[in-house]
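Given next, in structure tokens, is a single chain: the form predicted alone.
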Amino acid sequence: MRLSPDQLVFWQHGFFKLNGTLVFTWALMALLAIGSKLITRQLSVDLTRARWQSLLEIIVTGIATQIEEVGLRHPRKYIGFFGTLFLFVALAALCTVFPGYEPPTASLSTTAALAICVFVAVPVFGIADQGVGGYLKTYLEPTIIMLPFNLISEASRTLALAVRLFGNMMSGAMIIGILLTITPFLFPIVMTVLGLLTGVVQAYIFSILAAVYIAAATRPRATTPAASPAT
């Protein structure tokens, strides 16, 4: 039983190795890109709309609502990033119904890459919203003594994002593999259904945590009100 798609090697030449993580990751990205192109090529503003367009509008509206509820203003500004994160992680779990497929999120390298995307996005959105000086000042709040602790917090939460997603996704695959060996009929089917639900939940949690981190980086700074002129 493989613990990670990294162990599934399709091609190797010396140091270079094409493993399952790379193949399934690029396959998911291609599926998302082609699917979005096909769904959005003939959008309609009429009352009669295709089912795919209705599904797309439900997904986009739901993601935008969640982003706004987290505290981010102008959710349309962030929907591309958070929507891609959510759909990739969710699709990685939902595709486990296909034989031979192994979710790339069961590899620590994939979850680390997703966490690094969040790590980079936090200062990018923070600087875009507050400017370089305004964003850097957040590391000195409430006092300059907090600078090392704020830096450690940035690194530790990135590590926590990667390990949490990796642990949850890999544990589900391991449980299904063990049950498939012991009882090859009923329990694997039940666990597969639960695994699909868990994958969607993990995608939601990962995206919401990313939104919370970016919301903290883009929050409006408190300003001291100007003294009223003496009368």
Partner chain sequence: MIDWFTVCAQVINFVILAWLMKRFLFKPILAAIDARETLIAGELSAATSKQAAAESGRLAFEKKAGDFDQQRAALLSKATTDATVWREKMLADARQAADDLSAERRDALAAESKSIADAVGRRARQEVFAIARRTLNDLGGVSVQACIVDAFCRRVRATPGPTRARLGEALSSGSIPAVVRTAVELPAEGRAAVQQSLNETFAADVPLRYETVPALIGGIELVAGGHKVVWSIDEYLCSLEKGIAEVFGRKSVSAPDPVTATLGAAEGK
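None of the values given here were measured: they were computed from a predicted structure. Numbering follows the first chain given and starts at 1.
The next section is about a form of this same protein that is not shown, the form predicted together with its partner chain.
Look at 107-115, 141-149, 127-135, 92-100: in the predicted complex, residues with non-hydrogen atoms within 4.5 angstroms of its partner chain sit in 107-115.
Contact check at 4.5 Å (heavy atoms) against its partner chain in the predicted complex: all three of T25, M29 and S36 pass. For R219, no non-hydrogen atom is located within 4.5 Å of its partner chain in the predicted complex, even though that partner is not displayed. Interface residue remark: E57 is counted as part of the site for its partner chain in the predicted complex, having a heavy atom within 4.5 Å.
Within 4.5 Å of some heavy atom of its partner chain in the predicted complex lies at least one heavy atom of T40. The closest heavy atom approach of F16 to its partner chain in the predicted complex falls within 4.5 Å. Residues of 70-86 lying near its partner chain in the predicted complex, listed in sequence order, are R76, I79, G80, F81, G83, T84, L85, the criterion being any heavy atom within 4.5 Å.
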